[in-house]
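Structure 1 and structure 2 below are the same protein chain in two forms, each given by itself as structure tokens.
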Structure 1
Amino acid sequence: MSDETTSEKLTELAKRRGYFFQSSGAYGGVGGFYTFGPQGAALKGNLEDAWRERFALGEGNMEIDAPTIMPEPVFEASGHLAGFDDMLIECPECGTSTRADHLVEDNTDYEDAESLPIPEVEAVVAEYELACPECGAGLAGVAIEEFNLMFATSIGPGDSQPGYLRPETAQGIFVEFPRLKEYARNTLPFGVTQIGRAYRNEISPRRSIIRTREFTQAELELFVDPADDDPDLSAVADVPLTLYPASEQGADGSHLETTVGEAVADEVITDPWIAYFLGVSRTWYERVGVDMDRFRYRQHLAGERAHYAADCWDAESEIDGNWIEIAGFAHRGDYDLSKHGEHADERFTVFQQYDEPRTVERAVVDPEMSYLGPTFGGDAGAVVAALEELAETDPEAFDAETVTVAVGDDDHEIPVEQTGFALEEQTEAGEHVTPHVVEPSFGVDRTLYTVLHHAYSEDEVDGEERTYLALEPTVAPTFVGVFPLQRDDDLETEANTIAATLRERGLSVTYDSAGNIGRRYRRQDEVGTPFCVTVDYESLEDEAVTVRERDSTAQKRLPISDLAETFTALRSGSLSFDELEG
């Protein structure tokens, strides 16, 4: 191996062989945007299909496809408008940009500076005479710049309706919850998946396609009844896991080799749903070609967790010695649906019927308005609301002669007989429940990068160096190369016929007759084509061809008539090349 890192060699290969490259290169390029070339688009499609097969179809979930642009109120509800907003203050002396809200929180008693309006934060900076953490220059009077990570646009003519490109695909699922739960016939649990683009106007995109401004996510939002629903852990109990728990992430922490079952029993993973998906996902990652020796699940540290997440684990892959996040598994509780329930016009709950209707005693009020109205005038409505709330929270307050409620700064006394207080027996068939959300969220681009990186291999064949991508046949963008042994009309005709037949069977086939046979094998090795078929002069007599496997370069002789069926089986994974007779 040379001094060049695998990432550098991979980036060059990706550009040259059509996996991915900088977008709009003819116009100087634009930061943080990449185009997937013919091979990359095919690989990405195959990965998405594999994900869909496992996480949508395989779990009985439903897939939707929501718009990438959504109106402002959606993001007011989700918290992205405020939370995705960074307040940056730039030091006039040294030019360092600092998060102004962090500066205030670290140096004053303010705990949630992020939620303050910008002029107020500027005032606090001035009042406390806060200084640049780099050079110590005073920052009083320096304007705070607002930077929102969401791409803004306007919907329709004029600017009356602002919209944003979604910063995650998840909101597209959450906002449609009222309709989706109808589709799911109001029963929990149910899961909704979506594969699509998301956009973040990153301050500095980095490291090839690892951190871009437009990327593809594959997300599953599983809606569960917090009281009732549990996963079938027996299905994944024996799946091995490499874990990096929060408790190990100190100076010399180590990985924990365990299984899903043991990790749950030992309470390393406390949430059963998270445990279930870690198991399912580990098996999936292995199947699409992630090297399990360079894969782990890392638990988020307490301070790193999003505000809504009770527990959170990331899937991480190792790239040139660095661990990068390729998926997140979060239990989001009822955060998202509650927020949308508060902001939107519709109900973000599911009515859960009890096994048996329940009779409950409920404190109710039926205030005498002919008394309250004249007595309290404009406050009467507020008094009624206060009485209703009091009946619910403290029914014993109605045991006295009079009831006191506070409206604004005034305390109002109401004779208890005027409140219409009663304890009523009611029959309830069920209740409205805000489902909890379990979210496995996959970064498709990063998964693709990991698969390529882990597949990148170098070896020697007959004394010649060789570079190949050991991609799994299931996801390899080109499945088979078909060649005539050399340029010859009869061989070329036969090879073309075979190529056409295989294409009809839905396989991705490339035909190549240029250069000697070894060169053509190496071309396919470099893009990761798992199999090659060579038609020679004998083929014209015995109706058989040489099939060559990429990783081992081993060859087997197979009847032409068997090719389509054999390749279909090799692609699905139900057959391996070693098992082939030949």
Structure 2
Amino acid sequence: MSDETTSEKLTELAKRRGYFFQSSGAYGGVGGFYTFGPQGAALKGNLEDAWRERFALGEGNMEIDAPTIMPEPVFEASGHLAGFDDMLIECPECGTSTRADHLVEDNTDYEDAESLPIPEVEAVVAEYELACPECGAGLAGVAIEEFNLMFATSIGPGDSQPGYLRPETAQGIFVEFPRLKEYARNTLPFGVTQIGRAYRNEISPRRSIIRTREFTQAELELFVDPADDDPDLSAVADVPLTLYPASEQGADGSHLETTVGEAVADEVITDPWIAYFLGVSRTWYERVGVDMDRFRYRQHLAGERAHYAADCWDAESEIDGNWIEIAGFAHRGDYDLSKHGEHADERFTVFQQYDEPRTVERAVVDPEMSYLGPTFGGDAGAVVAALEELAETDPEAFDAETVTVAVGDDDHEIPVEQTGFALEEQTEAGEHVTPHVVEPSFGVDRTLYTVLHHAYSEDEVDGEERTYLALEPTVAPTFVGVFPLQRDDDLETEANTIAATLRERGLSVTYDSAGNIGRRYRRQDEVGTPFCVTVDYESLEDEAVTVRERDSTAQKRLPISDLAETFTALRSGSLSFDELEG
């Protein structure tokens, strides 16, 4: 074994074997942008299909495909324009911009500097005398600024409308909620998924495809009734979890080995929906090839948790001794739908019909316009709207002789007798509910990197060192390699026929006749192909072929007529290679 890290070896393999490489290399490359080659694109597609199968189809959720560019008002409502920032520190000598929290994490014992306020990060930079990673100049005393990560663009020509590339796929779901709820027949809970590109203008993209400026997310937004909807935990109660709760995150912190059911009962995980999706996702991650000995769920510290999230946990994988986030699980409350409801012209609520009509007391206003019109002029309509909202949210405000409402930057005082305030009994068939949102959000690129990193293996076969990717058959980009033993017309004809038959069954097949058979095996091992089929001269007589399994290099003789059915079962996981006779 060399002194290179697995990540360094994987980066070289990924470029050589067509998994991923930096984009625009002919023009010097651009930091934070990567192209997925033939193998990488296929692996990425297989991971997306596996995610869709489990979290969309498996959970009975809808899927949409929203635009990647959205108008500015969307991000004003969501809060991204005002608060989607990272900490930037700029070297006064060479001008290099660096993420200050990354600088601290890379050079100190602080693990989650992102959760610290800027003054504390500035103090750490000074205390440890941190320097610019590019030129080595000291950064103590340099001010840290907030840098918005949104990519701005213009929609249309001339005096165009400002827009932004979406920083997450979630907003495309939230803004379409008024229509999506109709597709769900106004029945809660219902979920909407989306797999697509997102964009963040990272200050310092790094570590290959782990932190990039363009990436793919797979997100589920589950809309639930906060009063009535709870998950059925029975299906995941016994799923084992490795947890890293906030209470354990310190110098001597340790992981907690438990189950979903125990974690909820012990109130380690306080939100049952988050517990449910941790259980579902843990099983899914294991299925696609994440090493469970190098996997955990870490709870957000109070300082890093979004202000609207009651609780949040990240799925993390270990890469060369470091933990990276590969998914987040948050209960977002009604923040998103309420914000869009305030800014847009649509209702972001669901009408929930009662089993029986109810008589309730409601506060209403019927303002005297002969007073409001002359008094407030053009603001009269806004004053009426403000009075109606105040009557609904705080009817006790009308107990005094006057009531005050805000319109824009101005406060207006109105005599209560002019508002027409009253309490009325009303019969209602139901109520409008603002759903709460439960969000599992997966980073597809980071999951792909984790799967490759955890699959990277080295051993020795027949006295030679071998590198191979122990990818799960369900996601491997190439499932089977088909080889004629030698370049011979009869062998090649039979091998091509077998390859065509397997492709017709929906299997990813590569055909290779170049070089000796050992080198062809090594090529496919390095790509991660689970099985290879070799057609030899005996095959022309006994109509059987040699099937080789990648990890063990074991070989079995199987009838050609059984190959399609056998490989289909091997790919689905309903059959293992050890169970084959041959």
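Superpose the two forms; the largest set of C-alphas matching within 1.5 Å is the rigid core. Here, residue number means position along structure 1's sequence, counting from 1. These numbers were taken from a predicted model, which means no experiment stands behind them.
query: 1 or 2: which is the form predicted alone?
result: If we ask which form is the one predicted alone, the answer is structure 2.
query: For T169, is the CA shift between structures 1 and 2 at least 2 Å following rigid-core superposition?
result: No, shifts by less than 2 Å.
message: Aligning on the core only, does the CA of G420 end up 2 angstroms or more away between structures 1 and 2?
response: G420 C-alpha, core-superposed: shift of 2 Å or more.
- prompt: Once everything's superposed on the core, is F398 shifted 2 Å or more at the Cα between structures 1 and 2?
  reply: Yes; that C-alpha moves by at least 2 Å between structures 1 and 2.
message: Core superposed first, then measure: what is the displacement of the CA of G373 between structures 1 and 2, in Å?
response: Its alpha carbon moves by 7.8 Å.
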